[in-house]
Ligand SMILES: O=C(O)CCC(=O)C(=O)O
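One chain follows as C-alpha cells, the form predicted alone.
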C-alpha cells in the first residue's frame, strides 16, 4: 500500500538521533540527513525572523497563501524581500554553514542554489513528500539547510525526512501545478522529525525524501528557511526533471 502524495494521515514518526557537530558531516553522508541542534544562536536568527514578520504585516497576510502559495503574488513578494536581504545573507554564508558543507563535499561550497523562505499557516495543506532534485535539477550533490526562525514543536509542522542514505534513486513525482508534485511513499514508512527550537537546523541531501508536517497550532505560522548548497566545481543548470526551468517560477 502507498500513501497518496501530500496526504497526511497518522504518520509513524521517530525523533532524530542527536550527534555532536563534529560528527554531523559523516552522519549526514551515511543517513541522508542530520539534525543540528543550536546550529545558530537565537540572537543570530532574530533579525531575519523580525524581517519576515514585518514583511508579512506589510503584505497584510495572516491566514493563508491561497490554493497554491507558489502562484501567490504575496508569496513571491515575500521571497523578493527576504532572499536578497543582509539578514539572510549573514546566515546563509555563516562560517559554521560553509564549514559543514566543506566537510560533506570535501571541497569549496557554492551558495544560493535555490533558497526559499517558508511561512506555513495553521491547517494549510503541508508540503507533500518530495525530493529536492526533482525541483532543483542540476548537480545530484545539492544539499539543503532547513532552519527554524522561531520555536517549532511537532504540532507546528517542522520538516520530516525518510532516513535512507544508501538509497539515492529519484522517485516518480505526480501532481499538477507549480510546486505541487510529490512522490508516493509506503503507508508504514517511518518519518524522522523532532521538536525544533529557534536556530536548530536540518541538513539533507537532494535525494532524501522529505515533507512538512501539518501545522496544528491555533494561530502562529511556522517560519523557516531553506538554503541550498553544492560543491563549487559541480556544473549548474536550472532544468528540472519534468523539463520545466527552475528560473521560470519559485518552488
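Because the structure is a prediction, the values reported are computed rather than measured. Residue numbers count along the first chain shown, from 1.
Below, we refer to the form predicted in complex with the named molecule, which is not included among the displayed structures.
- Think of it this way: in the predicted complex, the named molecule has a heavy atom of just one of 212, 185, 61, 193 within 4.5 Å, and the residue is 212.
- Taking 150, 139, 127, 181 one by one, only a single residue has any non-hydrogen atom within 4.5 Å of the named molecule in the predicted complex, and it is 127.
- In short, of 128 to 136, 98 to 106, 168 to 176, 85 to 93 it is 128 to 136 that has heavy atoms within 4.5 Å of the named molecule in the predicted complex.
- Although the partner is absent here, residue 113 lies well away from the named molecule in the predicted complex, with no heavy atom inside 4.5 Å.
- Under a 4.5 angstroms non-hydrogen atom cutoff, the named molecule in the predicted complex has residue 146 among its neighbouring residues.
- Remark: residue 204 counts among the residues lining the named molecule in the predicted complex, judged by a heavy atom distance of 4.5 Å or less.
- Looking at 208 to 234, the residues that come within 4.5 Å of the named molecule in the predicted complex, counting any heavy atom, are 210, 212, 222, 224, 226, 228.
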